[in-house]
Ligand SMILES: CC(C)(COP(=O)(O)OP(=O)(O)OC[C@H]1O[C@@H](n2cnc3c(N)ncnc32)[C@H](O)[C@@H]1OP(=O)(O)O)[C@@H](O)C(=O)NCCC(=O)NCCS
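Below, in structure tokens: the form predicted on its own, a single chain.
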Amino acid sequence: MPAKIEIGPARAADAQVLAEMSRRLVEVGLPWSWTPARITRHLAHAESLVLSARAGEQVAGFAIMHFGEEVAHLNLLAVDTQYQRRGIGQRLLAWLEESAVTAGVFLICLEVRSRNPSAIRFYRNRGYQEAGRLPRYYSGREDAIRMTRDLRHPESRRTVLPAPSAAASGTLAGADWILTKFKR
């Protein structure tokens, strides 16, 4: 019987394992940029979310996303080969998307290697659209495909709501009110 997979915030002690997974699964043929120190910084950063998918004590997958004011950037998502095709990547991505909406961030962007059709298909199947090609993005060696997803309901994408008046929002006006309202 397969082990139950539990997803939640990664632990500080996971940094080495996540970095090794990145090197083995994502950064193949590139210089190692997602080192334990870099992952540790994201674990400690208030505007980053690092998730792990665990089968018991073993890390089966992970994802790292950084939240900006208006855009969240999916830095990494990887699932160990022995756990692929079990919906773990989908579950990690769904958690991150729900977290973005909760934080009031409705646009997610990411980059994927142009020579990785499986990853491109994975994101397309989840509503991500190609937004451009970034020549030599990966260490000056390989192109990236930038992909984005607007998490707002399709009808609300066409509707522009008026900003509340200064009187209705206290001392903040317009866009300042909207950004402040959804800050974590």
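Start at 1 with the first residue shown and count on from there. Note that the coordinates shown come from a computational prediction; the quantities given were computed from them, not determined experimentally.
Another form, the form predicted in complex with the ligand, is not on view; read the next lines as being about it.
At a distance threshold of 4.5 angstroms between non-hydrogen atoms, H73 is out of contact with the ligand in the predicted complex. The shortest heavy atom separation between Q58 and the ligand in the predicted complex exceeds 4.5 Å. Using a 4.5 angstroms threshold between heavy atoms, N116 counts as touching the ligand in the predicted complex. Taking the partner from elsewhere, H45 is found to have every heavy atom lying beyond 4.5 Å of the ligand in the predicted complex. Stretch-level contact analysis of 37-45, 23-31, 144-152, 65-73 against the ligand in the predicted complex, using heavy atoms and a 4.5 Å limit, identifies 23-31.
Although the ligand is not shown here, in the predicted complex the stretch 87-118 places heavy atoms of G87, I88, G89, Q90, V112, N116 within 4.5 Å of it, in sequence order.
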